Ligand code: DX5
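The chain below stands alone and is given in structure tokens; this is the form predicted alone.
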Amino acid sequence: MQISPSILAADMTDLKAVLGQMDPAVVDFIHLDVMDGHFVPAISFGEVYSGLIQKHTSIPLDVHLMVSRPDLQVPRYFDLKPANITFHIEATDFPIRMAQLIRAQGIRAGVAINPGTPISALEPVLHEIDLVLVMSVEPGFYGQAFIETTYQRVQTLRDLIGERNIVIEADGGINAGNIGGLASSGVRMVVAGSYCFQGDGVNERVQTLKSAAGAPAGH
């Protein structure tokens, strides 16, 4: 299991110090929740702040665009060369074109899907993507509980993917209590926000999640 802590849950007033504490040998990705106040109610940050984050870490970036016009936003992240750029299937009529543009930059193309969207909506784009981000809460609202039907949705997605080399990622309300079920369902990467930045430190929390998922800690 790979873990992508959501930096938005960290102390944003002391972000340089937070990034310095994150061990690249333990933390697989840094998840960037880009929210525009339109596709989702909240507003977070954009490509400029994302670039500042990148300057202070060697950990690959996992960019999640919760925006209503990914066709305008996606190219703004190309210069950062993140590991992944993920946009929402609900936000564009041209997901195949979006994915092709991202892949042409040598970046993994991801498609996110909201809890209320049928998994079957992804079928037309599976041949052009590298990652599917299954939302286990509604995006853009804080403090939500993990949606239990996510396990079945992941299993449905796994069957739809078949033999394709596509990573299944999950995001929302994930902790040491439910990550094992996600791993069993077929998830290989999770986003964790508040869980990672509470308690005994982000590296220790990531190790705990990996252990709970049945995977050895670290790479």
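These figures come from a predicted structure and were not determined experimentally. Residue numbers run from 1 along the displayed sequence.
The protein also exists as the form predicted in complex with the ligand; that form is not presented, and the subsequent description refers to it.
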item: Per-stretch contact check against the ligand in the predicted complex, the hit in 188-196, 43-51, 159-167, 22-30 (non-hydrogen atom, 4.5 angstroms); value: 188-196
item: Listed residue that, although the ligand is not shown, lies within 4.5 Å of it in the predicted complex (heavy atoms), from T149, Q100, Q144, S120; value: Q144
item: Contact residue in the predicted complex, from A91, V74, V132, M135 (heavy atom within 4.5 Å of the ligand); value: M135
item: Contact label in the predicted complex: G173 to the ligand, heavy atom within 4.5 Å; value: yes
item: 4.5 angstroms heavy atom contact with the ligand in the predicted complex for P139; value: yes
item: Residue contact check: A183 to the ligand in the predicted complex, 4.5 Å heavy atom; value: no
item: Partner proximity in the predicted complex: M1 to the ligand, non-hydrogen atom cutoff 4.5 Å; value: no
item: Interface residues of 1-37 toward the ligand, as seen in the predicted complex [heavy atoms, 4.5 Å]; value: S6, L8, H31, D33, M35
